[in-house]
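Heads up, the chain below is alone and in the form predicted alone; it's given as structure tokens.
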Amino acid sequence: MTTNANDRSLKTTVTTLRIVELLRERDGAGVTEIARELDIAPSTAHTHVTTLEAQEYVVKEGDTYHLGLRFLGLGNFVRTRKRRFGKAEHYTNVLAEESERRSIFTVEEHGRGVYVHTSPGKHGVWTQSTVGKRVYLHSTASGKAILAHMPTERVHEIIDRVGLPQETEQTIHDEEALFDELAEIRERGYALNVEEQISGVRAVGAPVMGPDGDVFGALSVAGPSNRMKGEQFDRLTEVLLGIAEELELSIALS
């Protein structure tokens, strides 16, 4: 295959993936909208979505294309591929039950945090924390807990790749300030998100370390800022750290 042919094949693959992401973000789109948003010819957009439809990755409802349930099988496979993920699901549910708050298990992939498991909790609030959601590590409690236990070189690589976008007025967007906070997290054993991702929402996160000493992921609990302080916050933090330790032990013994 010639270099030009390779380039065309790569461009085609990238376009297909961009269409998949667009259909997810818009919860469906027609050919004209796809072409406009991705700056491609309508005929090109039509070729891509009809190919995806033929392979059963999208479905057509009227003139609108939506992601198909075939992605559900792929997502479930990814989420259960590692045995540790299954254990993390159990302890995420335990954390939600004992804390009565929305609980999340997060891992790092390609420099972003990915919500692998979530559980609402009795008094949990909706924080857009859906399974599969990708978030910045520097603005979330679980993300900072993960960063704090990564090699410094890896943290620099992530910053170079995704930057330090400021999501709210409270978000850390200075590299030196971030490294200072990561040092504090390692010392106290948990990370805080004080309205740094969503205004009015606070969270606390704890790292989950693997038997090899590398950080595997992080557990976190989130809630309204006015309910995440004082004695109530201290209790939640104690529960979180205890369950994170239980998950680490379970992984080590498996």
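This structure is a prediction, so every number in the text was calculated from the model and none was measured. Note that residue numbering begins at 1 and tracks the sequence as displayed.
One more form of this protein, predicted together with the DNA, exists but is not displayed; see below.
- Checking E56, D214, D27, D63 against the DNA in the model of the complex, a heavy atom within 4.5 Å turns up for just one residue: D63.
- Only one of L192, M209, I40, I198 comes within 4.5 Å of the DNA in the model of the complex through a heavy atom, and that residue is I40.
- Using a 4.5 angstroms threshold between heavy atoms, V31 counts as touching the DNA in the model of the complex.
- Of the heavy atoms in L10, some are within 4.5 Å of the DNA in the model of the complex.
- Using a 4.5 Å cutoff between non-hydrogen atoms, H48 counts as a contact of the DNA in the model of the complex.
- With the partner omitted here, the stretch from 216-224, 32-40, 200-208, 181-189 that lies within 4.5 Å of the DNA by heavy atoms in the model of the complex is 32-40.
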